[in-house]
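Before any questions on how it binds or moves, here is one chain, the form predicted alone, in structure tokens.
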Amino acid sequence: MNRKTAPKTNKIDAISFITPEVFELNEQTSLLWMAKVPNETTRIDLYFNAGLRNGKNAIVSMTSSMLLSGTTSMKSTEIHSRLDDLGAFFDIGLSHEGVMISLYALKKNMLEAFKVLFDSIQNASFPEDEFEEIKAEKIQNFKINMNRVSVLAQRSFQQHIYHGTKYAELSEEIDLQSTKQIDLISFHQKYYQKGLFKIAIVGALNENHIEDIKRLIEPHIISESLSFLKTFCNKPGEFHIEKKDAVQTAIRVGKTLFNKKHEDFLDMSILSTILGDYFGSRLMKNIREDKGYTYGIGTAIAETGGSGYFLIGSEVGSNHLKATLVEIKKEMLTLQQEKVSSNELQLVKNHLLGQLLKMSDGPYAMMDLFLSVESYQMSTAFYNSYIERIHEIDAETIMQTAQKYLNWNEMSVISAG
């Protein structure tokens, strides 16, 4: 092999996706099963309509934290010990839209581990001693977090990006202190015991296992259609939260945008990558490499059920705040006024195509991609449309997209430090 000669590269035209089998449990709830896994590993994701939009943040957050804190027949230590003995582990994620609980185990132990986990969730009793312990821990963590500039900036950004809606509500220490055990029990009964709206399984389980899982979950599935916030508009302007003696200043810049269903989503995603969504991006080259103001800065397009938003995030030395904002604004303006060079555009195209290949590597990754579009009533054809758009987009379209969506006076500019 001659290591001085680069291997040949082939153009990526499409990805052959494996899609899960779909079982409709009722009009609102589906079970998705990706059975073609070439090893003994399995994963089950449970989606509950128990997100932050359904109650006070303190109650919702504490409920999700205590899901495996014990039942009338099993203590928390017993639950975790049984899962450990089965080689299983779990993860819980909370958002405005819902709660996702992921369980991982070997195929031979998954059904038993799932029974332990699901029983613990559905029959959670929220023991008083555990409740007081979790409550004290959350209050202490809240006090610590309120001294972090990144947390202060993110809280303010949430208020401004979701301005005037329930999504803009934040937890305060008094909310945690006033939360009672009965609040968690009531929320759990309403949103967990009859709140399951999706279950996704990856693993070569047999059909009898799938039927057993269906029988276990069917009494707990949701009976009403889900509805998410679709119309919100950020409050533009520059807002600073003073934090004395802070060495770093956190920055969040963004605006209301859209989700995958919007006609400009793909173009905006490519533009976002050029601006700040890979290590060689313009913001990284300017603010990290040339100016040395930060260790890292990046962009993202976040989706929130019915809509979404654009975000630039970083932490810089406190004496570099104004200069950093000037440079961010300059990079956005440059994209509006000057066409991207063919070399830079081709580099970004190659990066995005490589990322898509990486993101679709294996059944677990393909299930994640399927779930990302399925919630919008779309198919994995979306990703091949993305590949097609990456190939065909030109510098003129990039500039027009920047002119449309990267206007500084439309941004919420938040800093804390």
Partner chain sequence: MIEFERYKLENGLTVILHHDPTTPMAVVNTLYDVGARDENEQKTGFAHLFEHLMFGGSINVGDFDQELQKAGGESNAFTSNDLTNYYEIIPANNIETALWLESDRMLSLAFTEKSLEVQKNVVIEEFKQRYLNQPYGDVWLELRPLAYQKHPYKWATIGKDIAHIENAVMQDVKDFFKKYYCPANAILCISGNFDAPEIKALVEKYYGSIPGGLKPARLLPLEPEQKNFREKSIDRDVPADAFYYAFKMSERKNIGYYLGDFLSDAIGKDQSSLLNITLKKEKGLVSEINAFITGSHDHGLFLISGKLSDGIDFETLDSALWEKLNEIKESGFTERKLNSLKNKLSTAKAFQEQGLLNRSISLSLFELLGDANGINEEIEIYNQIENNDILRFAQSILKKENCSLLKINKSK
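Because the structure is a prediction, the values reported are computed rather than measured. Residue numbers count along the first chain shown, from 1. Only the largest set of C-alpha atoms that superpose within 1.5 Å between the two forms is called the rigid core.
What follows is about the form predicted in complex with the partner chain, which we do not show.
Using a 4.5 angstroms heavy atom cutoff to the partner chain in the predicted complex, none of Asp264, Leu283 and Ser379 count as contacting. Comment: 83-91 is the region of 227-235, 155-163, 178-186, 83-91 lying near the partner chain in the predicted complex, near meaning a non-hydrogen atom within 4.5 Å. For the residues His320, His220, Lys115, His209, the 4.5 Å heavy atom test against the partner chain in the predicted complex is passed only by His320. None of Ile241, Leu106, Leu325, Ala168 but one reaches within 4.5 angstroms of the partner chain in the predicted complex through a heavy atom, and that residue is Leu106. At a distance threshold of 4.5 angstroms between non-hydrogen atoms, Val316 is in contact with the partner chain in the predicted complex. In the predicted complex, the partner chain sits within 4.5 Å of a heavy atom of Lys358. The partner chain in the predicted complex is not approached by Gln403, whose heavy atoms all lie more than 4.5 angstroms from it. Residue contact check for Thr294: one or more of its heavy atoms lie within 4.5 Å of the partner chain in the predicted complex. Residues of 235-249 lying near the partner chain in the predicted complex, listed in sequence order, are Ala246, Val247, Gln248, the criterion being any heavy atom within 4.5 Å. Relative to the superposed core, Gln403 undergoes a C-alpha shift smaller than 2 Å between this form and the one not shown.
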